[in-house]
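In the form predicted alone, a lone chain appears below as structure tokens.
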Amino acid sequence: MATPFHAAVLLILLFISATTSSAYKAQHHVRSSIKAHRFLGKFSQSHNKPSGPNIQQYEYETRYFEQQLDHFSFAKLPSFRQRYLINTKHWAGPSRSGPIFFYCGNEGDIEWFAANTGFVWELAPQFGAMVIFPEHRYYGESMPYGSRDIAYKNASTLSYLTSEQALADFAILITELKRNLSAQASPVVLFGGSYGGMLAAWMRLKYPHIAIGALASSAPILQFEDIVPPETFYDIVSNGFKRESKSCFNTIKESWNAIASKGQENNGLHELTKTFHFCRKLESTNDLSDWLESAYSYLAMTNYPYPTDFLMPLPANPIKELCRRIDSCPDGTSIFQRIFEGVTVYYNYTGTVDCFNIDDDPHGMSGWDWQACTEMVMPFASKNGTSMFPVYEYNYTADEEYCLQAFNVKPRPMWISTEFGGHDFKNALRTFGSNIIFSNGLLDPWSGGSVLEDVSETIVALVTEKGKTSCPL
């Protein structure tokens, strides 16, 4: 029989999931999917403090915890300081077994996630909960070896950037905090969205004695190997645009060949550079295509019915606004100018940018690039007819060549499903898992790689047909 606290936790998770749901980078033929991997790692290069009119400031204390660099060996290696944010203002305390709300930090600065995870903060006072936001190793200020430059130097220093090590960080942090606070009886509830949602679900499976349950929002734990069709992500993005305007969808679909043809003309790259207001001349049309694909995909992930600064300053219903701009261009407007007018909704909605830097990672080697080149091998593809994106098949060889060149490593496409499961996931979750809620809105392109059906009485899928459940929670 469920205890009153278990019932309370279930109500918390149900409320958060329901509210979140309702609130709401191409060559032709062959292309590496590493660029697409960066969609999930959209926070990896965020170094700035969260700011903007829509950013809520929550109260917390910043602390640091000394972590082992390698939890799975006894080699003498340097430790590092893991940053975490904590709020105990409303905590009921150990004598009353006050719960702990623990957000599984994603691939970026933890202060940014704390500022965009409002429901955890808002519900904590009602349940007397402590709130903890730990930072993922190798992101934000939680850098091994003392600096980002050294930590990201090569495959040897990056080798400890894995999801397994990150989960062990979380488990040890929770255990030590509870011990220091004499709060061993305080139950822990995990939260997370996107990659953080994957970590929340995996941590509940790997460390069931550490946390009693997890809310995994927009968590594509099945976006590996051949578990879901590789074209799923781009199909969902495309449907979001087609739903708003078929003419807008067709304009975008036709633009890729037009861009490739223009790039073959004398002075074509110069003209495209000028039309799209880039700060320096395009080196290839592939760079432009990747830039556009990123914008469309990010818009699908942040297509909220209210203004937000989540990734960029955006209006309410940004896909609708992009399509309105494309469709309302006067007759005779070139397809390039139409596309530019539309994509500025993402890249320059405030109108303050004079020119665009097409490479948002000028120094290369972001943390998520490494993760995508090692264990986070997510196949992507785009099919003719269903997708507005250029047609290409998933090509592991292209990924391998990229990763060998970038990091001198080969991806392990079967490791995640070996470590955490994936094939026959329903039977595995039903047999070995419990107390996980997978929250998804079907407008979110990551929903296609998540769990969309109830697996058991305690592994529940909350799905909103017209909902968006990408971060923020």
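What you see is a predicted model, and the numbers here were worked out from it, not measured in a lab. Quick note: we count residues from 1 along the sequence shown, nothing fancier.
Heads up, the form predicted in complex with another copy of the chain isn't pictured, but that's what we're talking about next.
Exactly one listed residue, out of A75, I150, A316, C355, brings a non-hydrogen atom to within 4.5 Å of another copy of the chain in the model of the complex: A75. Contact annotation: of the candidates Y402, Y207, Y304, F127, the single residue with a non-hydrogen atom within 4.5 angstroms of another copy of the chain in the model of the complex is Y207. At the 4.5 Å threshold, heavy atoms of A260 stay clear of another copy of the chain in the model of the complex, well away from it.
Looking at T418, you'd find a heavy atom of it within 4.5 angstroms of another copy of the chain in the model of the complex. When another copy of the chain is considered in the model of the complex, R179 lines it closely, a heavy atom lying within 4.5 Å. Taking non-hydrogen atoms only, H71 approaches another copy of the chain to within 4.5 angstroms in the model of the complex. Only one segment in the set 160-168, 272-280, 112-120, 316-324 has residues whose heavy atoms sit within 4.5 Å of another copy of the chain in the model of the complex; it is 160-168. The candidate spot formed by S79, R83 and E135 lies out of contact with another copy of the chain in the model of the complex, as no residue has a heavy atom within 4.5 Å of it.
Residues N408, V409, K410, R412, M414, W415, S417, T418, E419 are the ones in 386-419 with at least one heavy atom within 4.5 Å of another copy of the chain in the model of the complex, listed in sequence order.
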